[in-house]
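Single chain ahead, by itself, as structure tokens, in the form predicted on its own.
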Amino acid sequence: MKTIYLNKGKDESLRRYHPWVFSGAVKQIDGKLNEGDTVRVVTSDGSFVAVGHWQIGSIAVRVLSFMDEAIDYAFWGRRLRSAYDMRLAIGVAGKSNNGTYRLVHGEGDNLPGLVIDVYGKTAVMQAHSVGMHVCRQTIAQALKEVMGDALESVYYKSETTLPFKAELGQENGFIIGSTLDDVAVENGLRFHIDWLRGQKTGFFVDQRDNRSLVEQYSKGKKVLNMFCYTGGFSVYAMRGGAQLVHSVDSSQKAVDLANANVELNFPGDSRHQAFAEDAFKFLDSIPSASTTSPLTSYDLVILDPPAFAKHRDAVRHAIKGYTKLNARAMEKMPSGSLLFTFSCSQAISKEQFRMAVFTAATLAKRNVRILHQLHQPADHPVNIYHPEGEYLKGLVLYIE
């Protein structure tokens, strides 16, 4: 195992257990390194600090352990067992009516660069670092040992998440087993999971609790689910007794998947319609709240757009986007309606998102009250030493 020496004083954040070593902190490297190698991190005088995966970029090392230990099969087994035990303890895993959850959430489970989502008896594993890619076979085997009969197959899906400059020639595919069954159960509802071509690992597991809240408020409502993707919010709204549900996404593939998921749970139900349309164009087609148009007006609207800011340089533009989107929706909503609005941009803070929504309410000239402040669920834990892991922000608003 090669050694990385830090510049003097650059071990302070690591002493506070922050799991990243930035490239500017590196003084010298003992020997030639390949991206993805496991390295020891030491101070300028040689004192041990951490062990982690070396990578090219602003984050030079993702820390796996602050103990001087081997990163071997036993290590992966211990970490995966800890993650699985936590999901069992909080009642997310091991339930007959829910086989959909996140088993590993990167830094939140002390496994930076690794995401594992479980869909029934299939785990979808995603590497966000070359180090995790290098270890993928060992991790998959350790995962099978930890979960036993609860796991039959492991699908590796990292073509779009690994650094493109690494030139790994990575292809998605099964590491362990295989299955043609793409249906998973979440809180008693069934969903087709497109882990082959879908976004993320095939489903947005992080909105599970918030989908349940939509169900709670949907009875008798006319629901609009913008950026619907798989139609998760739409299916929950229908079970909640919505009067009608409209799903909108710019992608025809997403619309087809949303329709398939509604049909899977509510075959032949005429309450649902889906539209392949640009979000702003669709919102523009809705009559303003001040009119008495016979066209549909919605009294429960869900805005769950893709990340507007994937990095810090895009923050200002993203805030403008959130403001414009929320203002447009508020202008169309009748008095007494509910707005569920979200940001999944890690670069946007809770305060910035709330300010964008506040500005939107001012522009729309609406009186707005906050009913709920939403976040990612318990199976997406935030490492207390890594606050950057708190990425999902949401508000439920009462529009007057």
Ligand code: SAH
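Note that residue numbering begins at 1 and tracks the sequence as displayed. The shown structure was predicted, so the numbers you read here are calculated from the model rather than taken from an experiment.
What comes next is about the form predicted in complex with the ligand, which does not appear here.
*Asks:* Mind checking whether each of Gln199, Gln207 and Pro305 has a heavy atom within 4.5 Å of the ligand in the predicted complex?
*Replies:* Verified in the predicted complex; spot residues all in contact, yes.
*Asks:* Of Asp72, Asp181, Asp313, Asp278, which one comes within 4.5 Å of the ligand in the predicted complex, counting heavy atoms only?
*Replies:* Here the answer is residue option Asp278.
*Asks:* Of Tyr236, Tyr322, Tyr119, Tyr229, which one comes within 4.5 Å of the ligand in the predicted complex, counting heavy atoms only?
*Replies:* Exactly one listed residue reaches within 4.5 Å, namely Tyr229.
*Asks:* Of the listed stretches (216-224, 242-250, 94-102, 137-145), which one has a non-hydrogen atom within 4.5 Å of the ligand in the predicted complex?
*Replies:* Only one stretch qualifies here: 242-250.
*Asks:* Even though the ligand is not shown here, does Arg211 get within 4.5 Å of it in the predicted complex, heavy atoms only?
*Replies:* Contact with the ligand, yes.
*Asks:* Does the 4.5 Å heavy atom contact test between Val154 and the ligand in the predicted complex come out positive?
*Replies:* Although the ligand is absent here, Val154 would stay clear of it in the predicted complex, with no heavy atoms inside 4.5 Å.
*Asks:* If you check in the predicted complex, is Met125 within 4.5 Å of the ligand, heavy atoms only?
*Replies:* Met125: no contact with the ligand in the predicted complex.
*Asks:* Answer for Ala254 alone: is it within 4.5 Å of the ligand in the predicted complex, judged on heavy atom distances?
*Replies:* Judged by the heavy-atom cut-off of 4.5 Å, Ala254 is in contact with the ligand in the predicted complex.
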